[in-house]
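In structure tokens, one chain follows: the form predicted alone.
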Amino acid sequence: MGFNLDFALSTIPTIVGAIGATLLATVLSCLGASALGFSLEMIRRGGGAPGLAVRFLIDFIRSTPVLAWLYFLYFVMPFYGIRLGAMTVGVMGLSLYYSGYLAEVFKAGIDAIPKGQQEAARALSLSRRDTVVFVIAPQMLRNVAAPLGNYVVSILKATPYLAILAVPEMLGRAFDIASETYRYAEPLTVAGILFLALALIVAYGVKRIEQRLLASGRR
């Protein structure tokens, strides 16, 4: 059975129709992972028992597969009366999983800031919150723009995992077509090309943001 170009072209509308779910899961997971990862890093830096607990949690998250988190959230939480939609569980799972990695990215970004910056903030009697918001965060964003962008692309490429939860994303739609027609090459090729195009667009956008942040830092 050879590759049928006409059939491949006929699958494009169906697979492209799922691009909204793919992008929504990517954007929400990036925001969730960034917020949770930054919070984890700030708690870890606070030290004490909470810092040690978060240190263990980050290592635990990074040592477990993303599928384990998705299965746990989707199949175990209902036993405790927590029933959420597939998209919500998928976003929670990706956010939680990538927060462990982004916490390490934020750690490196903060460590790269000269210690004199925080000492100057303390000398000016800035609160911890103001120091984080106005001193640390802007400089950290410039330091982590490139690795953060790489993780945005990684989260985009991880959205096909959500197919196991029946989230209607692009790869899931491609498999639906394949299971109905017994032709796998064409829909999976189309899905792969669309993922490549999205990854290139996201990488270009991240590169532009990184250049803007670096330019603002030189002013």
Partner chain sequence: MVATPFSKKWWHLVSMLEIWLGILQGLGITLEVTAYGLVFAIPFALVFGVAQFLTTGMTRFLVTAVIEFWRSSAVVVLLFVFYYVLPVMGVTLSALTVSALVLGLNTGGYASQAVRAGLQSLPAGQREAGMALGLSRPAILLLIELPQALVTMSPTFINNLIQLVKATSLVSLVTLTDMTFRAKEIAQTQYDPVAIYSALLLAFFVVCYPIALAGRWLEARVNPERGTPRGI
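Positions refer to the first chain, counted from 1. What you see is a predicted model, and the numbers here were worked out from it, not measured in a lab.
The same protein also has a form predicted in complex with the partner chain, omitted here; what follows describes it.
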Though only this chain appears here, would A123 touch the partner chain in the predicted bound form if you measure heavy atom gaps against 4.5 Å?
no
Wondering, does D59 line up within 4.5 Å of the partner chain in the predicted bound form on heavy atoms?
yes
Against the partner chain in the predicted bound form, would L9 count as a contact residue? Criterion: heavy atoms within 4.5 Å.
no
Can any non-hydrogen atom of T189 be found within 4.5 angstroms of the partner chain in the predicted bound form?
yes
Select from 89-123 the residues with a non-hydrogen atom within 4.5 Å of the partner chain in the predicted bound form and write them out in sequence order.
Y97, Y101, E104, K107
